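This text opens with one protein chain seen in two forms, each one given by itself as structure tokens under the names structure 1 and structure 2.
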Structure 1
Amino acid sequence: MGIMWEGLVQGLSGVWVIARIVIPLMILLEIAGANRILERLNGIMARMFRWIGLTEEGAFPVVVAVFFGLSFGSGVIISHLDEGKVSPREVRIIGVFMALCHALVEDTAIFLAVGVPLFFLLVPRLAAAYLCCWGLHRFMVWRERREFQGKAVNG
């Protein structure tokens, strides 16, 4: 019984430490959302997304996933993709980005609370997601170009 009590106390004090970081961060996220910070950053972000082959329509699900996560954001993401305004090649790039990098606010808050430096929580995920998507985009461009040339020669 003493052991379970020890675990309970440890768990509850951990939750309290996390709450002190998660609640202020959620307030900041709410203020950022209400002030349309994302829309204001759109110009800068649009260019960065173009380098990995995403149009504005394709960038939207990625932004939702990065800020709100796959479970909170899944409804919005899936219905946006189901509307069919995003090309199949963009769906593949979005899939890779979302898989490696999402819920950057919540996931980061949890690990910040147990003492992990911010740099290690944000930079590896963003860099890996961006580089993988860039590589995939370049590969798909190269393949499309080769197919096109092949057709031109045979035709």
Structure 2
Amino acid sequence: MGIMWEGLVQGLSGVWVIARIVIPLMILLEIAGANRILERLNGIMARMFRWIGLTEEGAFPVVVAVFFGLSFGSGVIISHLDEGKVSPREVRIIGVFMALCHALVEDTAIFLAVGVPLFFLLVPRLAAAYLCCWGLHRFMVWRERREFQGKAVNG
């Protein structure tokens, strides 16, 4: 029975550490969303996403996913796709980026509290996400050109 009690106390202690970080962070992010700070931040960050094939509208779901996580980012993607703000090609790129680099702010805050160096939290994830999305973008552009050339020769 003592082991179970110790496990429960340690588990609750871990949840408390995470809650102390995540709850204030979520409150700040909700305030930022309500004050349209995310839209302004997107205008700045959209420049970084151009070379992987995203427009400013396409970059917004990525910005939301990086700060809020996959559930919010997915909701924004679905609404942007329904409204025609992003192309199916952009959705693929956004999906890859979100899979590799979601909840960057939350995860970083949690792991910093545990003592993981900031470099190892940000650089590998961002580099992997950008490189994979750049490769995917280049492949899709190459494939579209090849299909276009095939139609021009045959048609």
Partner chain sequence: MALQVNSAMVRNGALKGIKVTLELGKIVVPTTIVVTVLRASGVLDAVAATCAPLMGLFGLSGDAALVLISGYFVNLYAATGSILALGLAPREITILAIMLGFAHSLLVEIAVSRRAGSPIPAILSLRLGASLCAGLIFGRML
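We call the rigid core the largest set of C-alpha positions that still match within 1.5 Å between the two forms. Keep in mind the model is a prediction, meaning the values are calculated, not measured. Residue numbering: structure 1 sequence, from 1.
| field | Assignment: the form predicted together with its partner chain | value | Answer is structure 1, the other one does not fit.
| said: Once the core is aligned, does Trp142 move its Cα by at least 2 Å between the two structures? | reply: Shift at Trp142: below 2 Å after core fit.
| request: Return yes or no for Ala19: a CA shift of at least 2 Å between the two structures, with the rigid core superposed? | output: For Ala19, whose C-alpha is compared between the two structures after core superposition, the shift is 2 Å or more.
| Val9: CA shift of at least 2 Å between the two structures after core fit? | For Val9, whose C-alpha is compared between the two structures after core superposition, the shift is 2 Å or more.
| query | What's the distance in angstrom the Cα of Val76 travels between the two structures, core superposed? | reply | Its alpha carbon moves by 3.6 Å.
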